[in-house]
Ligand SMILES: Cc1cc2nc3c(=O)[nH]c(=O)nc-3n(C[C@H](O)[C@H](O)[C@H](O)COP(=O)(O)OP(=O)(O)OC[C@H]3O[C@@H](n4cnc5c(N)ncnc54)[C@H](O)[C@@H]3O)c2cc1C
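In the block that follows, a single chain appears as structure tokens, in the form predicted alone.
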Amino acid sequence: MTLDQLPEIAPPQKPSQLTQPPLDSWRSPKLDYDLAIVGGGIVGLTLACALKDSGLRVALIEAQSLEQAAARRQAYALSLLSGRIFEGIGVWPQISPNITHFQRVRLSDADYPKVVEFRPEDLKTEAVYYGAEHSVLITALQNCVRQCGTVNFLCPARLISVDYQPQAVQLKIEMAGQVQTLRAQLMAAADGARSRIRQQAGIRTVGWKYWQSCITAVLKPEKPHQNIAYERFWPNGPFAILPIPHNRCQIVWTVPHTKAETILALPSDQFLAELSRHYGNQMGSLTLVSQPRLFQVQLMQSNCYVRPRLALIGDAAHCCHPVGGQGLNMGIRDAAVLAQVLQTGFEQGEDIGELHLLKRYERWRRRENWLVLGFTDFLNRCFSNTFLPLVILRRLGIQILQTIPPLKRLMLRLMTGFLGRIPDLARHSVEK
């Protein structure tokens, strides 16, 4: 069964004002879509939205309903570059009023009194970072996709199988109890760290699981958080406090596995007592808003991001330690770069599923992602120990960072995404 037999989800018609491909273009009228994106999370949605004016016909396949996908209780540290990408897409006006703009980020080593403090004036920006809830980001992106004439949002739809062919990729999906087949020039896998698509394509990964697990929870402090974020490094692992709207904070608390399970099993009052010892008393007493969640921490990098007719983005391609809040931001940049590469190739009449074109995306992003993966691994290993010579060196490093502004700006540029090559979607905002 093919999608042209199912009018209710037929591929959208290309608006007449969009750029037509050259007459000798690779595009085949027998294909249902130019691009099929598997995974309707934030990264997959970002890719679809970034291509909304490209002229490419896009199918976005998501297994969960819109409501289920938006219901996740989680917040992220959103980088300045991610904000610029969302501005370039056109969703920033919906996002910006509903997130916090960090006015300070304070980095410290356990109970050592010296701190590194990052401020907006360090980069001459309106904020150091942003605190964004999952529901805010994904709802804005979902609304954008549903208004795109060239994007067909197949949701909920479950991917059953994939068949890579010389000129196309064929996907079987189950939607509304029916098995349907669609053909596209390229498939982008945004299906997460356990990506079935990556595994079935035989793409190997390198990396390791850390000795740590991460506890997350949303809290409401007694006193205002004043849009100040904290990253405290303890011998067991980093402890981050992210301010979010309505005077709430999300904590990202990294500790060894056994200790994490013990903490998670504590009654609420004992959990809060243990938490307060790490949190500090700068915001008064704490109240739990959401139940704590636990996930294991890992570093992972795929040996390649692309194969003929396939591109990996986001957690399907790489995962990093949560220190520094880099994971989601790496995926958003993946989406922006892949969109740029595909749009440029399409405008030049190239086959967007060909390996030589997709390698442009891989060369750009894989090298930059290695830098972030190495940086987060170094931070975690450097601070998560009590080896005295290293303790002395890292505390000296904190003093140096705080007293040498160019070095502090360099670190902040790495953390906010501006150290690497800037995608076109964000460039106009950066250069203002």
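One-based numbering along the sequence shown. Computed from a prediction, not measured in an experiment: that's the story for all the values here.
Another form exists, predicted together with the named molecule; not displayed. Remarks below refer to it.
- Only one listed stretch (104-112, 315-323, 268-276, 119-127) carries heavy atoms within 4.5 Å of the named molecule in the predicted bound form, and that stretch is 315-323.
- When contacts are judged by a 4.5 Å heavy atom cut-off, residue 47 does not count as touching the named molecule in the predicted bound form.
- In the predicted bound form, no heavy atom of residue 305 sits within 4.5 Å of the named molecule.
- For residue 77, a non-hydrogen atom is located within 4.5 Å of the named molecule in the predicted bound form, even though that partner is not displayed.
- Using a 4.5 angstroms limit between non-hydrogen atoms, residue 42 touches the named molecule in the predicted bound form.
- Remark: all three candidate residues (62, 192 and 327) come within 4.5 Å of the named molecule in the predicted bound form, counting heavy atoms only.
- Contact with the named molecule in the predicted bound form, defined as a heavy atom within 4.5 Å, holds for exactly one of 220, 72, 259, 359, namely 72.
- Only one of the listed residues (310, 81, 341, 252) places a non-hydrogen atom within 4.5 angstroms of the named molecule in the predicted bound form, and that residue is 252.
- Within 4.5 angstroms of the named molecule in the predicted bound form, the stretch 214-241 places a non-hydrogen atom from each of 214, 216, taken in sequence order.
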